[in-house]
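Just the one chain here, laid out as structure tokens, in the form predicted alone.
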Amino acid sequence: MKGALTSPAFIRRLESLHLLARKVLGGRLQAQRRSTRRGSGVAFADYAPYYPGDDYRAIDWRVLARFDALLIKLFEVEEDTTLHLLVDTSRSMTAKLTRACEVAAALGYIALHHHETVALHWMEDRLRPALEPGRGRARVWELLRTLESAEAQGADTDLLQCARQLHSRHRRRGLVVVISDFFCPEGYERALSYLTWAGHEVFCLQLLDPADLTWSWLGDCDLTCVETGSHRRLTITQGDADRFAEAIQNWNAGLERCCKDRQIGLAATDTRAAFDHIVLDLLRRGGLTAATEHRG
């Protein structure tokens, strides 16, 4: 992908998406979201008794004059929310990695231009930090160059291990976008439950290759797992091929149910869809936290 994500043509497509995002979503993309912490923010939250050492400027003098009560005003603190982009770089993503990085580039570009804090992580059998959290338009080029360096080289995707490592390194709640085929040997339920338990907003983008959905080889086959390297020789019948397609459908339906039960946004598509069409669909649905399941 060297040079593909920093080419003038690709940047023009990103800028078009950014302008559309600003028009469609407006302030909903802003990084500063109200937390439940109390401090010296802007929006009034509550009163509290005044104690020696409190900032006297927070005293509500009208309340004192009317009720003879010495109270201070509490305000909601505005905190930055980090957008964590988790891109699956296991070997099963070989045919899908270019599209995954294009989507990550678009989401990161939009977020950075709206003053969001963005971090990038490679996701395999462990989490590999690729770009530390940062904000500002100057970070765009670093993000794009980092995504251009992505390689599908990891072992089996261990989503739960990656989720735990993300939380251990970034305790503050954030928006976690997982871009993957979700072909995880240990499943996805525990990992997604862990991320929501940790307080993160989670969005899943399932990216598939059309070849993932059906089995076209019949007869004697020598099969090698692209991620583990394990080898098996099998004889595949049409019944086996039908059961494979059914198993894939059940796996993907399970992901849909899992996300629905945990109120996690989910979009599912395949590599035939252009990256800007994928992101445009998300924008039209109201952004990541409002997106519903879609297969394109």
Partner chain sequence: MGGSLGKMVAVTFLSPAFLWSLALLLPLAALFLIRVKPRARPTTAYFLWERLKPENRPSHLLRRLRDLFSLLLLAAAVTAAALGLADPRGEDEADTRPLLLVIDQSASMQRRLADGRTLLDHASEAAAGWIRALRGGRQAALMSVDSDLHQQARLTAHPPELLRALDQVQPGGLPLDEAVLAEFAETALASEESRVLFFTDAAKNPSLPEGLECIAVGPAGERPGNAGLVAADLAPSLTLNGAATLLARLVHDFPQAVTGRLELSRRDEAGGESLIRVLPLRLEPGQPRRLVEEVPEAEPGRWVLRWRPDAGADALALDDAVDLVLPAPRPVRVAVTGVEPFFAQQAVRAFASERGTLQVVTDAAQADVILSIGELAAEPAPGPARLIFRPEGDSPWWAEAPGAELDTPLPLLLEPEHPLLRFLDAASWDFRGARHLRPPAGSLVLARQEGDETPLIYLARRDGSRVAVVNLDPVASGFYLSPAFPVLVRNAALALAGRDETLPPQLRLGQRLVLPTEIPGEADRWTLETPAGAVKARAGAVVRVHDAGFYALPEADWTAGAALLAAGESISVGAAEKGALSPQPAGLGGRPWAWWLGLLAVGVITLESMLYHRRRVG
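Positions refer to the first chain, counted from 1. Nothing here was measured: the structure is a model prediction, and the numbers come from that model.
The same protein also exists as the form predicted together with its partner chain; that form is not shown, yet it is the one meant from here on.
Taking Arg173, Arg190 and Ile264 as the candidate spot, are all three within 4.5 angstroms of its partner chain in the predicted complex by heavy atoms? Zero of three within 4.5 Å in the predicted complex.
In terms of non-hydrogen atoms within 4.5 angstroms, which of the given stretches 179-187, 163-171, 113-121, 127-135 touches its partner chain in the predicted complex? Among the candidates, contact is made by 179-187.
Using a 4.5 Å heavy atom cut-off, which residue among Asp240, Asp54, Glu256, Asp46 comes into contact with its partner chain in the predicted complex? Spelling it out, the residue with a heavy atom inside the cut-off is Asp240.
Tyr194: touches its partner chain in the predicted complex, heavy atom cutoff 4.5 angstroms: The answer is no: Tyr194 has no heavy atom within 4.5 Å of its partner chain.
Contact of Pro210 with its partner chain in the predicted complex (heavy atom, 4.5 Å): Output for Pro210 is no: heavy atoms all beyond 4.5 Å of its partner chain.
May I ask you to check whether Cys221 falls inside a 4.5 Å heavy atom distance of its partner chain in the predicted complex? Yes, Cys221 is a contact residue.
Since only the chain is shown here, I'm wondering whether Ala69 would be in contact with its partner chain in the predicted complex (any heavy atom pair within 4.5 Å). Outside the cut-off, so no.
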